[in-house]
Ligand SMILES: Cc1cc2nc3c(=O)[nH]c(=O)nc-3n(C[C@H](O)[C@H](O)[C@H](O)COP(=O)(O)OP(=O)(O)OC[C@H]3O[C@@H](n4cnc5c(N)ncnc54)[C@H](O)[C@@H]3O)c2cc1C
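Single chain ahead, by itself, as structure tokens, in the form predicted alone.
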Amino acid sequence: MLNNRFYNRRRFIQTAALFSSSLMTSLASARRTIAQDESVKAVVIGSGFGGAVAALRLGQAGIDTLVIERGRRWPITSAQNTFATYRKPDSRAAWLSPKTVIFDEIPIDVYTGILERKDENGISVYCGAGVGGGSLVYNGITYQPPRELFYKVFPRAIDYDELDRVYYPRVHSIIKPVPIPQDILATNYYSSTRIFLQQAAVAGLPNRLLDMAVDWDVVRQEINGTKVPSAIIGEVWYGMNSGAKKSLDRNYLTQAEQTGYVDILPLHIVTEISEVPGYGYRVACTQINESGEIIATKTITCRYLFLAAGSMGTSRLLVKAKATGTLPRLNDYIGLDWGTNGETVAIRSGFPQLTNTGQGGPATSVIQYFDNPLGSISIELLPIWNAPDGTLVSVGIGLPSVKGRFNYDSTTGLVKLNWPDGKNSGDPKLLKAAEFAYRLIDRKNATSISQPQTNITLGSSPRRKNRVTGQVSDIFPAFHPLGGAVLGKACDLYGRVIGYRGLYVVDGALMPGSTGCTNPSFTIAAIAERCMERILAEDIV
């Protein structure tokens, strides 16, 4: 049985091995021999919102648990230089890529960086990489959908009142998100937020500040010059060097490790999952160094397997397992109902005020146009560091009407996400809802000296030029991938994979392509808390 001492010792050996190629080779060889006998009661694949929840609750229940994470750890250093920055990107910015994957593409060394872009069939998808998963690269928005929008995407059999009373508050108590304080909002760094909220009020639309997983005391230190500028200059997706972001490695995962029953194994990529008849599951994985080179292969057996590798990772593992016969009883809903969370990006210009567009992060405010006659939508201000002054960039989150699916290609052995083709390869309903909302805002805020204009980018619409960066892209990126192993279809309403005992999905793959006009992290975590409570009570022995 695995234990803390074994994994603490192994982490030390793995670190030391990186300093010598000859030592690394011999250790890798030794580990391949040991690997066949490794066993633990529970394995969690992935350390994002679902995986972090599962790890903590398993640890608190006294279950020996191993969390397998493909990325590295990203501890905040005293020098405040943990992450790459937009202004000086380097190898830390991208996952095993020879170039950066957002904004201008700049050549970099190949490294296990923090952000990956997966170029699929008809769409590109962004995913976080590292201990903490998507929380390392998200904006920190902690946004609960209202009941009426929740039930537009989730089954009625899920009790919203219970989520509202028990599970959303449970997540809130660990992450501790709060809105931006008024003294910080009043600074020049956040002038764009104030303008955004003012324009919403003029348009007669409900608006408010969002709960944010941000340490605002650290932001105050950024403002007074005792912490390196991060949030106040719009640095978000590569991480915040000041330590202002409350990522999962600093709450859920820390508490999980402190139970003494949970170990996290970074820089391990799961390649296959299979059933061990009469016992549980076998997980095959490769250990890599920080340049992406394979230094060992391993198999780990477990009684209980929790899939939390994000929508993209979890769906790929399950689709491959069904197609290759390692989990042949998976049903036909595996790989279906994938969605973009209904997102659009808008570049608004023509304002007479100085907007300080590249400052004042993360995305701290929202316009809630839920009674939009063409479709409910939330609109969130998004600071972009290289946007020209006099513009506002925002993200709209609506209710998607188009879904993608994962397919296994037996000739290549790869699983690819396929987004619908055709003249309208995006989501025309979303586009119409967003256009209606922005027309209203622009019209109500027009004056004799100011005529606001909005350009919207949607789905995988072809050949749209980004007016902020000037780049032209054939496909639009998705930042919040959801679905592929959906509640009530591929899984039961508590994340149990249909057809298998002891196999669970607890991440964004459970979400039916949307979380109801909101950022998905809060709902993913709340649903995971709900699943884990039932699983621990009824399944784990």
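Since we're looking at a predicted model, the values are computed, not measured. The first residue of the shown sequence is 1; numbering continues from there.
A second form of this protein, the form predicted in complex with the ligand, is not displayed here; the remarks below concern that form.
**Q** Determine whether any heavy atom of Val43 comes within 4.5 Å of a heavy atom of the ligand in the model of the complex, and answer yes or no.
**A** So Val43 does not count as contacting the ligand.
**Q** Even though the ligand is not shown here, does Phe479 get within 4.5 Å of it in the model of the complex, heavy atoms only?
**A** Yes.
**Q** Applying a 4.5 Å heavy atom distance criterion, does Phe196 contact the ligand in the model of the complex?
**A** Result no; Phe196 lies far from the ligand in the model of the complex.
**Q** Please run the contact check for Tyr126 against the ligand in the model of the complex: heavy atoms, 4.5 angstroms, yes or no?
**A** Tyr126: yes, in contact with the ligand in the model of the complex.
**Q** Only one of these stretches, 201-209, 385-393, 319-327, 67-75, has heavy atoms within 4.5 Å of the ligand in the model of the complex; which one is it?
**A** One stretch meets the cut-off, namely 67-75.
**Q** Any chance Arg92, Gly234 and Thr364 all have a heavy atom within 4.5 Å of the ligand in the model of the complex?
**A** Zero of three within 4.5 Å in the model of the complex.
**Q** Just to be sure I understand the contacts: of Ala296, Val270, Ala84, Leu431, which is the one whose heavy atoms reach within 4.5 angstroms of the ligand in the model of the complex?
**A** Answer to the contact question: Val270.
**Q** Out of Gly239, Gly360, Gly335, Gly313, which one falls within 4.5 Å of the ligand in the model of the complex, going by heavy atoms?
**A** Among Gly239, Gly360, Gly335, Gly313, a heavy atom within 4.5 Å of the ligand in the model of the complex occurs only for Gly313.
**Q** Within 4.5 Å of the ligand in the model of the complex, which residues of 134-157 have a heavy atom? Give them in sequence order, or say none.
**A** Sequence-ordered list: Gly134, Ser135, Val137, Tyr138, Asn139, Gly140, Ile141.
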